[in-house]
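Considered here are two forms of the same protein chain, supplied as structure tokens in two stand-alone entries, structure 1 and structure 2.
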Structure 1
């Protein structure tokens, strides 16, 4: 498979949500000497960008979006160590800590957002689920985060988003760390009420909201 065909196949496997093929092609690209940065930007990212366009147009739905994000994640897991090893990683446009708040173990939406942010040039530290305010503060400080993303899928855990913002303020980080909130029960009104900097209705819109909050073009 020549390089052009390989990159085209990378795009297609993301569109198809084919996790195994995404990982296989990433490994193949390394054996063929394709720079990992090219595989990411000229292959997989092209696929996830098309997925986003189709999702916004209503031509693709949540299950397909989840599968595509998983495929993108599988490819990045193969390629990222080599990008770091070669010191030829993508230009990072922002550093983000993301997680689902304490008491909530819902993972899908948060993971999609993390994958798509990585695909768009952000360095993302995904803390997983059931993350305490103290852990968000600690990792935001250690990671040098520009933004913290807080997911809550239960109305009972939404108040923890407010607690994280309070904890960031008490730690002296709030002036330099922006906060984005999201999750099925979360609204723009709630974001304003708790003092968040932004609210994303879904994973695709999260990228543009993050860019806006961080003042990026």
Structure 2
């Protein structure tokens, strides 16, 4: 398999949501001396971009999206240690801390958004569920986050999103950390009401909203 075929196969295995093939090709690429950065950007990322387009067009559905993100993640797990070693490592496009707010233990939506962001090349720290405003502030600061993503699935926990924004402001972080909110009851109107920087309807749209908010192309 020459390099072109390998990159095409990488793209295809993400489209197919084939986790094992994604990891196998990543290992193969290392043995063949393909720079990991090329495998990611010219191979796997092409696949996840295509998946995003097809999902938005309504040609792919959620189970397929989840499987594609899993395949992407499996490949990145193999390649990441090598990318960090390489001097010419992929530049970090954005560091994101994400979690479901205090009092709320809904996990699925937030985790899908986290995987899709990872699959699109962001460095993501997932704090899990039931995360206090103080923990968001502490981890955002430690991780050097450019953006914090707050999930709330209950109308009773939506106000905690506002509390987190307030806590970030009080900690003096709000100027350098953007805030995105999401979750079934959350709307664009709610996002602007509480002073968030953005809101996305689903995981794929979250990627373009994050890019927009962070001023990325």
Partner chain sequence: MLIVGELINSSRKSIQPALESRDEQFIRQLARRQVHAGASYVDVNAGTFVDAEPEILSWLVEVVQGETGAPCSIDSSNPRAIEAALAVHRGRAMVNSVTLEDSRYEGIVPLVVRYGCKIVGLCMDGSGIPATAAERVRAARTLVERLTADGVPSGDIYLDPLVQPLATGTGNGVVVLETIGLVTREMGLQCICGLSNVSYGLPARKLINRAFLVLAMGAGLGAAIVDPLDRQLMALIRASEALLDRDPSCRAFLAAFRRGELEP
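Because the structure is a prediction, the values reported are computed rather than measured. Residue numbers count along the first chain shown, from 1. What we label the rigid core is the largest C-alpha set whose atoms superpose within 1.5 Å from one form to the other.
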| query | finding |
| --- | --- |
| Chain form predicted on its own: structure number out of two | 1 |
| Exceeds or equals 2 Å, Cα of residue 190 between structure 1 and structure 2, core fit | no |
| Yes/no, residue 71 Cα shift of 2 Å or more between structure 1 and structure 2 with rigid core fixed | yes |
| Post core alignment: residue 9 C-alpha displaced by 2 Å or more between structure 1 and structure 2 | yes |
| Value in Å for the CA shift of residue 50 between structure 1 and structure 2, taken after the core is superposed | 4.1 |
